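Let's start with one chain on its own, the form predicted alone, as structure tokens.
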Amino acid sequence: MPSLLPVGDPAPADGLLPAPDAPESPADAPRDFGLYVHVPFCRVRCGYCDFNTYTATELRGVKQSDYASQAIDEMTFAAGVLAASGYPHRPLSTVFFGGGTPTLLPAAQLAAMLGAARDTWGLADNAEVTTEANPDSVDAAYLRTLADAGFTRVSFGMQSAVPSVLATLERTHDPARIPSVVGWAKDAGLDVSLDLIYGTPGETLDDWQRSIDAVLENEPDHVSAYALIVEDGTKLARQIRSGQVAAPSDDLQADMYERADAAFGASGYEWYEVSNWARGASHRSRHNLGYWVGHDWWGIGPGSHSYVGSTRWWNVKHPAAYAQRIAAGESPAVGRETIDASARDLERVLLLTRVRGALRVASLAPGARREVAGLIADGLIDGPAALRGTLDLTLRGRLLADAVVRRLT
């Protein structure tokens, strides 16, 4: 089952937030505002996944066909909360539909939710609008409908080009379908991201090279590659404990990362976050960058998390509980926490360290600044970049990013 929600303070039924923090100086730029829409439905549950998703047999009385209207109702509720809490109106810089599998819903329903978001807040000029998609859940007509509705980007869960690896992950799509869906998306005018997972039990370096080659052959605008993490409570974790499959190898995953980074870099993709590469800054995931650099966002849907001002909160998990609260006109939030200045500084270093060019050396606490020379000497931080004022991880530093963060905090 999906992972547990955090422990925090109870969230009020009216959803009201503390008043916005006063800017520290007149020059402080306002934060961008993004919208995340969680679509919690999947055709099957993959054995490695601990996201808040549900198959048809787990819904019990909840209909997928009702979900779009519930999400739209939360958008209306959200706008009212922000206004009543004293937050100025801000158009959406980014919108991201994630899951789950958003594209299990009809394209018209995704279009309706985006239309409601546009009507509620407006979209900033050049707003980025993304949906995740499984390769077997869309066709050319579906993608054209999304583009016509205002979507600008699609992120396909490719994961691997090797059937045996996909079978271990319990992914249902045929890897031979990837060129078709990428071509359809490009024809519709959508930016394309391909998402990979490496280090699956039984996956070899040759298998991984096949996936890298397949990505490059399809020439996406953006690539994400994440090391497989075995989450407690998942089927994969139980299989590893019982000895059915071997645990992922840290050393092999490091070799896989290095191979991917070399191949992507040689093909014109620049790393901009530890697990993400893009063909130039214009193709970076601006929505995900918003999370990393500390912008505000509202999360719509069951289990979604939000962060506005100094408050983080999270919604009830099950779609039935979510639907009940939305129907009653109550906040679907079940818990919240206030992020104080100390915690905010810690999170800033933790997240910005992973993003190329994002963390200014001058912004570090004095003790952390004293660590920079040692990190350069250890080959973890790029020396010339530090002289220019930014703390950029080397390739070795990316492999040991958590250790770098510990030394800076």
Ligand SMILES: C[S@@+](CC[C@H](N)C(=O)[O-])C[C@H]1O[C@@H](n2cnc3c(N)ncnc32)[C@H](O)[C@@H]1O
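Numbering starts at 1 and runs along the sequence shown. Everything numeric in this text was worked out from a predicted model, so none of it was measured.
This protein has a second form, the form predicted together with this ligand, left out of what is shown; the following refers to that one.
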item: Complete contact of Gly100, Ile197 and Ala227 with this ligand in the predicted complex (any heavy atom, 4.5 Å); value: yes
item: Segment that reaches this ligand in the predicted complex - one of 319-327, 86-94, 300-308, 228-236, heavy atoms within 4.5 Å; value: 228-236
item: Touches this ligand in the predicted complex: Gly290 (any heavy atom, 4.5 Å); value: no
item: Asn134 within 4.5 Å of this ligand in the predicted complex, heavy atoms; value: yes
item: Touches this ligand in the predicted complex: Arg153 (any heavy atom, 4.5 Å); value: no
item: Proximity of Gly157 to this ligand in the predicted complex, heavy atoms at 4.5 Å; value: yes
item: Heavy atom contacts to this ligand in the predicted complex at 4.5 Å, residues of 169-183 in sequence order; value: Arg171
